[in-house]
Ligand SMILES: Cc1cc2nc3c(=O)[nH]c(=O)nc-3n(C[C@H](O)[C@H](O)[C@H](O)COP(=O)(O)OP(=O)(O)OC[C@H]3O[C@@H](n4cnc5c(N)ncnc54)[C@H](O)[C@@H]3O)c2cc1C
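Shown here is one chain on its own, the form predicted alone, set out as structure tokens.
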Amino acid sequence: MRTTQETVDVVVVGGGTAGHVAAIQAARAGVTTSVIEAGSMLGGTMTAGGVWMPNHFFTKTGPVVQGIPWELYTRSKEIEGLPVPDYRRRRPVETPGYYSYINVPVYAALAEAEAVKAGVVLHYHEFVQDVSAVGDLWEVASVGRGVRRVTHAKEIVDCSGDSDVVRILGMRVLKSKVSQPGTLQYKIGGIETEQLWKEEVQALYEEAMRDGVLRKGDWAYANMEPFLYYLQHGGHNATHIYDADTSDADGQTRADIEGRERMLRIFRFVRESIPGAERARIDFMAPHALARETFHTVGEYTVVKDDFVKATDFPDKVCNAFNYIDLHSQAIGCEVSFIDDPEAIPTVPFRALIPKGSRRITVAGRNVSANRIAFAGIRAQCTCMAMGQAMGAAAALAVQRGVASRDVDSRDIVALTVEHGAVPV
């Protein structure tokens, strides 16, 4: 195995929903930046994970996330030859926000091109093996096929989704006793929707559940929507994988196997039992299953439910969240609740992105320090992207000023992100 050395100002661990934006922001701010990503593309859950809905950029009353996330989204639409939706013309009577959709190949390639243009050094197919402090630098060892890389950096942004770096360093993490179910993304095409009768397909679904042809979790939203909804959406984002813990290879393998079992089982049912679905086909399947939550970092502050639903005005806020809670559970299915005041926008405090007692390391995305209920709101993709941009800015400012990221004023972080198009908070 070849061993190589690399020195950068900032290393971002994980190039997913938060990580790719963090890296672009840091590099655009003028510091040398690298990304260590276990997969084969940037974007994480949004791209390789198959959840091609980076929501939500807007509430009913205005934008909550813009900046680099919005830039990448709108540019991807331009490449597709599609107009950028005018959200002022929407009528969100059923939801407090507006759903946005990306073309995965276009978005992934664009994000990569922008990262490379900004000077980000990308390392795909590598896992972080060890992290240690060496003087004023971090030493990050990562391994991939045929290579062991040792990266020295002044700042780390842990965007792994599972607090990988934080756990390697032995810092505190928390994990819910009952975590939200995971999912495997796929898309069924070829269903002749004009042949679907709501009550008929519902009766067929309920009969299949009673007879054991289908199992609980194969259709995750049964408590909220009729089975017709599943068929109209081709099964996308519609399956629950219980006890999904993708924080290690064994857990990822179990989730992958269960997700594909569930997909195949319900696909067979749809083709064999639903009138109009005889020519149904699986058009897309994500390469791996996803967890909605595993390990949260214990930060200098933990966001709790009251902070979220009351939209606490944190003095160190660095970005907006979104004003609804999207909590998935094995017992019920999906529990969605909206904040009553449409003007109330929750925010994310800087302290929730600083591992407790640490220096020169921040986290973003699903690693945020939040309890189960608050996390169910903060984990929205646009919020993860906004956290990434904020922590990319924090790391860059820390390097330029010769201080630890935790010592950067949150107002300066916001000012830099706003300079790069973000919404003021």
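Keep in mind the model is a prediction, meaning the values are calculated, not measured. A residue's number is simply how far along the shown sequence it sits, counting from 1.
Keep in mind the form predicted together with this ligand is missing from the figure; the text below concerns it.
Between 270 to 278, 283 to 291, 334 to 342, 203 to 211, the stretch whose residues reach within 4.5 angstroms of this ligand in the predicted complex through a non-hydrogen atom is 283 to 291. Among 59, 66, 34, 381, the residue placing a heavy atom within 4.5 Å of this ligand in the predicted complex is 381. Listed residues 329, 76, 237, 302 were compared with this ligand in the predicted complex; 237 is the one with a heavy atom within 4.5 Å. The three residues 55, 164 and 183 all sit with a heavy atom within 4.5 Å of this ligand in the predicted complex.
Under a 4.5 angstroms non-hydrogen atom cutoff, this ligand in the predicted complex has residue 128 among its neighbouring residues. This ligand in the predicted complex is approached by residue 38, whose closest heavy atom lies within 4.5 angstroms of it.
For residue 51, a non-hydrogen atom is located within 4.5 Å of this ligand in the predicted complex, even though that partner is not displayed.
Proximity of residue 17 to this ligand in the predicted complex falls within the 4.5 Å heavy atom cutoff.
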